[in-house]
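Single chain ahead, written as structure tokens, the form predicted alone.
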């Protein structure tokens, strides 16, 4: 109970949050005009690598220690990044850490909290038997919803019914992995509401409906990945010879409890869209500029979460196996991730003037943009990654031209480059557990529900590299060859 209250209090404090994607548009300058992205060496990203290795290896080799001290591990790597930056660069170092937490982390965790809270109040009752056909249909529905309510919203809404439908199955790990592939990532590629990079493009002049052009690529990827899933599930299902614990004659009809939460979900989606459409100026909070519309959005998110807690019966959440543990884990770990990846993001945003110039300058063809944006989005925040390559494409074709004029020309004359960047940034977030916000949350919920999940590297070696990367190679040949 104390933990639950602490999470609620923490989330309410986050209501001072900033625009979700503002970090990506920051030029990378701290106070005093020092551009840290141009000054930082590549080895400044070592703590971020340490953070990733800790997430990957410590649950395998020291599971008890990790379970009780993962927050301290995250704090250690955050300090390993922050202390040297402050000592070496003073005010600009402090500013960049403050900026990423206030502008990126706070709204990230606030949105996640609101979606987690609201979706946790929606309970699907009745008998739903997880056969290969039913599971494939649920994955398809979740994939379709992701573009309209966000990958996080769709994942939080669908994961518990999906797990409950398959609680009698022996092999469930691969099901959740494909859930992450499709619902938590690939499904968000059709509208700016689906995933942060596309919303960022919308804020920079890409029309809302332009992303419909990604439909052929999305359908190809979904068809391949869902087809592989169905075959795997069918083989496992026959091999297990499992039967649902409820006999056919005793099936209960499906019904939804907590349906008022759908209204709160709509409020969350509407608030996010509103923050990108209305411009009412900004407020400077200790150097971090916060759009008024974003502050209003954050207030609406908090309100939707509180209303859900107040109006949803406790029994509904209890029957839904709702706890705050996954939210706590994601909050602590991603605090460490966001701080430790600050040097990586700054170097990346410095473009040809930073230590990663060799990467930026080597990206020339659509296939290069697809894979470069995708690989970086597999481990870094995909929003600033998208903007980096978006800006690189504008600079390559229309140097010196104002963005308001360059973006329409890019869409009219070289749209394939933006398609490649968009697909890479969205699709390849599925390549690792930290590639997109809902990935780690889905994993935590599944493990808490009793479904064993592969390790960080196990996920990649067994699933994402052989399945997704092979699929993306085929997509490259079909859509992104110049």
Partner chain sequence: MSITKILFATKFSELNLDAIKSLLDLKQAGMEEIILTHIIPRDEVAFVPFGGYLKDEEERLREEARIRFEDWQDDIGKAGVGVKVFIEVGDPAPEIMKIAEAEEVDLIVSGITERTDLEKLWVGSHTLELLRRSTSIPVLVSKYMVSCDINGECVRRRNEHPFHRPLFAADWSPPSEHALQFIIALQGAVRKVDVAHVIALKASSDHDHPEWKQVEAESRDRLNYYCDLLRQAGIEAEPHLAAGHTASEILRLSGELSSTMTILGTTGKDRVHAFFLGSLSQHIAETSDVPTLLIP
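Residue numbers count along the first chain shown, from 1. Take the two forms, superpose them, and find the largest set of C-alpha atoms that agree within 1.5 Å; that set is the rigid core. Predicted model only: the values in this text are computed from it and were never measured.
This protein has a second form, the form predicted in complex with the partner chain, left out of what is shown; the following refers to that one.
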* Residues in which of 184 to 192, 309 to 317, 278 to 286, 168 to 176 have heavy atoms within 4.5 Å of the partner chain in the model of the complex? -> 309 to 317
* Do all of 326, 329 and 434 end up near the partner chain in the model of the complex, with near meaning a heavy atom within 4.5 Å? -> yes
* Interface membership of residue 414, the partner chain in the model of the complex, 4.5 Å heavy atom rule -> no
* To do: Using the partner position in the model of the complex, report whether residue 418 sits within 4.5 Å of the partner chain, counting heavy atoms only.
  => no
* Would you check, heavy atoms only and a 4.5 Å threshold, whether residue 240 touches the partner chain in the model of the complex? => no
* Asked: Is there a non-hydrogen atom of residue 38 within 4.5 angstroms of a non-hydrogen atom of the partner chain in the model of the complex?
  -> no
* Structure fact -> Assert contact residue (the partner chain, in the model of the complex, non-hydrogen atom within 4.5 Å, options 321, 361, 403, 365) equals 321
* Using the arrangement in the model of the complex, list in sequence order the residues of 58 to 75 with any heavy atom within 4.5 angstroms of the partner chain. => 59, 63, 64, 66, 67, 68, 70
* Asked: By the 2 angstroms cut-off, has the C-alpha of residue 71 moved between this form and the one not shown once the rigid core is superposed?
  -> yes
* Is residue 454 one of the residues whose C-alpha moves 2 Å or more between this form and the one not shown after the core fit? -> no
* Asked: When the two forms are laid on each other by their rigid core, does residue 170 show a Cα shift of 2 Å or more between this form and the one not shown?
  -> no
* To do: With a shift of at least 3 angstroms, figure out whether the C-alpha spacing between residue 56 and residue 435 grows or shrinks in the model of the complex: closer or farther?
  => closer
* Outcome for the Cα pair residue 439, residue 63 in the model of the complex, compared with this form (closer or farther; change of 3 Å or more) -> closer
